[in-house]
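First, one chain by itself in structure tokens, the form predicted on its own.
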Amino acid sequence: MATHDNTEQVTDTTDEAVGWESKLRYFLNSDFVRSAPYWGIPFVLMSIAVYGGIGYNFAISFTDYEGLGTPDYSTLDLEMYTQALSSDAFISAAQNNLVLLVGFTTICLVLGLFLAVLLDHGIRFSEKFQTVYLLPMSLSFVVTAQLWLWMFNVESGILNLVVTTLGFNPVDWLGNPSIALGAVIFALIWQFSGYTMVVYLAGLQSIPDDQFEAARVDGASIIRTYLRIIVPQLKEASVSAAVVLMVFALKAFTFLYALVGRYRPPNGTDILATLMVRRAFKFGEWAYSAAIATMLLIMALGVIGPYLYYQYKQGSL
């Protein structure tokens, strides 16, 4: 009886070994492993450059590193995070970031949807209008910033020419802290509304015409048709466009730097990205800037994470 039990155990062990050997052979012969010489080296280099940089930034945020010598890792603490969260400059930049994120994203989505509906409804010269609306998106942030710097010029800018023609005094669009952030948001909306228009237009064109016909037969107006039937089907387009817009709003450093050509943006427009770069390169406070960068990364992950989870639940990942 004991001999029979031992034989069964040996058989089970042998079958298990054969199973693992078969799985290992299948894995080694898979396209993933066979293509490793082509993607492996770029993946390792990218991991070192990207994730290594993130890890190094995270590590020095717990030190008092000021850019000279080697960071001292003997005493790690949260002093830089505490200092940032209690700083008026950080709080003001975070508030501006929130206003930029919410205002810029919301208006871009609404305006892009409105333009997409007009184009989808077959207005005259729709193809030409689509090209005109999308053109700003093809411009670099530096070009856009210089264009709007000229538009906002107090003495010769087009906006102030219109304002003075209407009988009002010239407006210092970027010099007045109470309206400077609004002016920046307006310029960014001009550049990105074309992007949201294209995203929504692609979603509208994927909706069958039968739904419009059925709504028309039921006597629904065009506005009710879009609000009750069409717009709810654009949820995925809205989510994907909103994620791109919000991530850009968190790191709109390039546009603000190109607008004035220095680390300090116009009063009232300082955001976390500009504060981070200024404290690092102008004041040499690398650990403090690393702490801000880490918090910016967490904010970005807070935007992208739910989106990726939503895509995963939808089966798109």
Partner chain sequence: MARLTLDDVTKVYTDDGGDDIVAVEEISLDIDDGEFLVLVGPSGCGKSTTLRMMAGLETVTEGELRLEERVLNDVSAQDRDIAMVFQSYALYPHKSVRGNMSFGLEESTDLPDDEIRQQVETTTDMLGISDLLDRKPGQLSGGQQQRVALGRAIVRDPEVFLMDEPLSNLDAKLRAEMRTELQRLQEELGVTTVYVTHDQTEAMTMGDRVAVLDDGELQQVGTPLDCYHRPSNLFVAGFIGEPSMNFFPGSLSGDTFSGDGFDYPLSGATRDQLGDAGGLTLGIRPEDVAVGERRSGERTFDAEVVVVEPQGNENTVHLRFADGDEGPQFTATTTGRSRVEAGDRTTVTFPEDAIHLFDGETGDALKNRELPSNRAIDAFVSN
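Numbering follows the first chain given and starts at 1. For clarity, every value in this text was computed on a predicted model and none was experimentally measured.
Below, we turn to the form predicted in complex with its partner chain, even though it does not appear here.
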Would residue 233 show up as a contact with its partner chain in the model of the complex if we use heavy atoms at 4.5 Å?
yes
Is residue 167 part of the interface with its partner chain in the model of the complex - any heavy atom within 4.5 Å?
no
Check residue 215 for me: does it contact its partner chain in the model of the complex (non-hydrogen atoms, 4.5 angstroms)?
yes
Residue 77 versus its partner chain, in the model of the complex: is there a non-hydrogen atom within 4.5 Å?
no
Name the stretch: of 86-94, 185-193, 134-142, 222-230, exactly one has residues whose heavy atoms fall within 4.5 Å of its partner chain in the model of the complex.
222-230
The one option of 240, 211, 146, 106 with any heavy atom within 4.5 Å of its partner chain in the model of the complex is 211
